[in-house]
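Here you'll find one protein chain in two forms, each presented separately as C-alpha cells under the names structure 1 and structure 2.
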Structure 1
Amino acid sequence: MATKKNKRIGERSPVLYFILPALILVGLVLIYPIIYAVGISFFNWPLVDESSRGFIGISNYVRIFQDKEFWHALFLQLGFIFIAIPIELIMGFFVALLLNREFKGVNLIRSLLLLPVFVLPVLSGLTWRLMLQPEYGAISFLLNTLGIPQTAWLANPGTAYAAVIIQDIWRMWPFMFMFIYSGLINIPSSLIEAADLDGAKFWDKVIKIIIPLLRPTITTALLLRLIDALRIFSEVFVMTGGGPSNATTLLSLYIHKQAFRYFNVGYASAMGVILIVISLIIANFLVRRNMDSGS
C-alpha cells in the first residue's frame, strides 16, 4: 500500500511542480486582490481616516443602486464596449480577408497594420489629445482644410465621447485583425476551392464556411477585448480626465475617482465587485454561445 501511495505521489509531483508557480502567481495577483476587495466592500473604508473605518454590511451596495453617477458611468462603459468592439471586429475581419492572399509587399502591410496595438495606452491617449487640439492639432488642421470649422473636440460632451471610442478603435482593431488572420490561415484551402467549384458566391463562403470555422477564434478575441475594454482607464484619463461634465467618466474612471479623489475605498471596492460580476456574466454568455454553436 505504502509503495503504491508513494508511487502515486511520485507520479503526480512533476505535474504539481509545473502547475504550482502558476497557481501561486494567479493567487497573488488575481485571487487575493479580488477576495480583499470583496471584503472591504462591506466596510466604510476611508483611505485617510483609519479611526472611522468599520463594518457597514451591504450599505455600499445599497448606495450604488441609488447613485445616479454610477449608472451614468456604467451606461457609458457599456456603450463604449458595444460600439467600439463590434466595429473593431468588423474592420479586423474584412481586412484579414483582404490580406489573406499573397501579393508583393503583403507581409510589410500586415506588419505595419499591427503597429497601433503596440502603442502604450497612455501614449495613444496623449497623441490623440494633441492631434485633436483645436489650434495646432493635425486632425483639426486636416478638418479645417476640408471646410469644417475649428472645434474644441474634447471640450464638447458628444464629440469627446466619440473621440475616446475612435481612439480605441484606431488602436485595437489590429488586435482583432491579428486573431482573425491567424484563424483564416488555418482554414483548409480545399474547403474554399470546393465551394468555388460549386459556384458559391463571396457571401456564401463567408457566412457558411469562414465564420463557422472562425467562431472559436472570434470568441477568444472578443473575450480578451472585453476584458481589456472593461478596465480601460489610462488613455481616457489622459485624453479627457473623465470630462467634460462627466461625459467620458466610464465606470473604471468613476471607481478611480471614488477611491483616490474622494478616498471612499470601500465604496469603490463595491463598484469594482459589480464590474467583475458584469464581466463574468458577459464572458459566460459568450462561452456558452460558442459551446452551444459547436455542439
Structure 2
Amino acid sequence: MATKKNKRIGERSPVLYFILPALILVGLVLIYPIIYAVGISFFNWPLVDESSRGFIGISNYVRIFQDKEFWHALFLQLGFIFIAIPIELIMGFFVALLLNREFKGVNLIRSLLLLPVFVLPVLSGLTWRLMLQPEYGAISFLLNTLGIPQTAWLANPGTAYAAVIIQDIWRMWPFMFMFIYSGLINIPSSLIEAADLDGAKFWDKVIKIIIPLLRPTITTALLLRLIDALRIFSEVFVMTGGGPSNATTLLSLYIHKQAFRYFNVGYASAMGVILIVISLIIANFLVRRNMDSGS
C-alpha cells in the first residue's frame, strides 16, 4: 500500500524538490569556493598586478615548507590550542561538579556564566585590549594596586601571547562547563550516591565513575573546541593585530595577512587549503561519532 502511494507521488521528484535548494546554495558558497581555492593555490597570483599571474604547479606548497613565518604561526597555533583547551576543560569540569547541586540562585549562576560564550568575538577582543592598557586599563590598574608595575601587556611578545590565550580561556571555559554539566545531569545520581555510601573519596569518584561515564561527552566537546580553536581569528585580530612582531600571528591571521595585506592570494590559498584538510580530518571523527550514535 505504502509503496503504491509512494510510486504515485513519485519518490524521485520530492527528493529533488527538498534537497536541491540546499545543494545549489551550498554548491555556490561552499563547494565552488573550495575548488576555486584549490585552483588558485597552484598559481602565482598577486592581486595588485594580475598580469604577472601564472601557473606554478605545487610551488606554493613547497614554499609553505620553507616559510619560517608559517612554521612560527603553526607553532603559536599549536601552543594556543594545547594551553587553552586543557585549561578550559579542567575549569569547565570542576565548575560543573561544583554547580551540579541545588541551592538558591544556582540556575541564575549557571546561565549568567554562559554569557561570555556569546559575546561578540570582536567586542571580547577589544574589551581585553582596553582592560590591558597600561595607563588606564582596569586589569593593569588592579595589578598595579597589587604591586605589579604598569606594563604595556600587549606590546610585549610574551605577555601579548599569554593575554590572547587568557582571553580565549575566559570566553570558552563556560562552553566546556555547560557541555560537561549537561552530561553530568544525565548520570543517575544513584551511581554517585552509592559511591558516597561506600565511603569512596572525592577523587576516587571522579576518576572511577564520573570521568568514564562522561568520556563521550568530553570527547565531543574537545573535538568541537579543537576545530574552533584551529580557526580563531576575530578576537586576536582586533586585540593585537597579530603583533607585536608576529608574536600572536596565529594561522588564520597569517593567511589573512598574506592574502589581504601582501595580496599573495595564491600562496594564501595554499595555506588555506592545508587548513581545510586539517579541519576536515578532525571533523571527520566528530561527524562519524555523531552519525554512528544517530542511527
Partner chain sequence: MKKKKLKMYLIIFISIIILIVELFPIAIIIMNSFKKDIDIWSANPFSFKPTLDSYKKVFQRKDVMLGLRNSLIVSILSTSFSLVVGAMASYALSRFKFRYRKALSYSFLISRMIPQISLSIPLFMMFRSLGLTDTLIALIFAHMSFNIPYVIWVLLPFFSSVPIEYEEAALVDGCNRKKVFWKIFIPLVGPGLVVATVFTFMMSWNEFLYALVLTSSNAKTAPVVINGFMGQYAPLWGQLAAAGTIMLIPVFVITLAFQRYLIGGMGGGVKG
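Reference numbering: structure 1, starting with residue 1. Each form is matched to the other, and the largest set of C-alpha atoms that superpose within 1.5 Å is called the rigid core. This structure is a prediction, so every number in the text was calculated from the model and none was measured.
Remark: the form predicted together with the partner chain is the source of structure 2; structure 1 originates elsewhere.
Domain assignment between the two structures: P212 and L113 are placed in one and the same rigid part, by better superposition fit of each C-alpha. Domain motion between the two structures: the smaller of two rigid parts turns 10° against the larger, based on C-alpha superpositions.
Note on I31: its Cα is shifted 3.7 Å between the two structures, core used for superposition.
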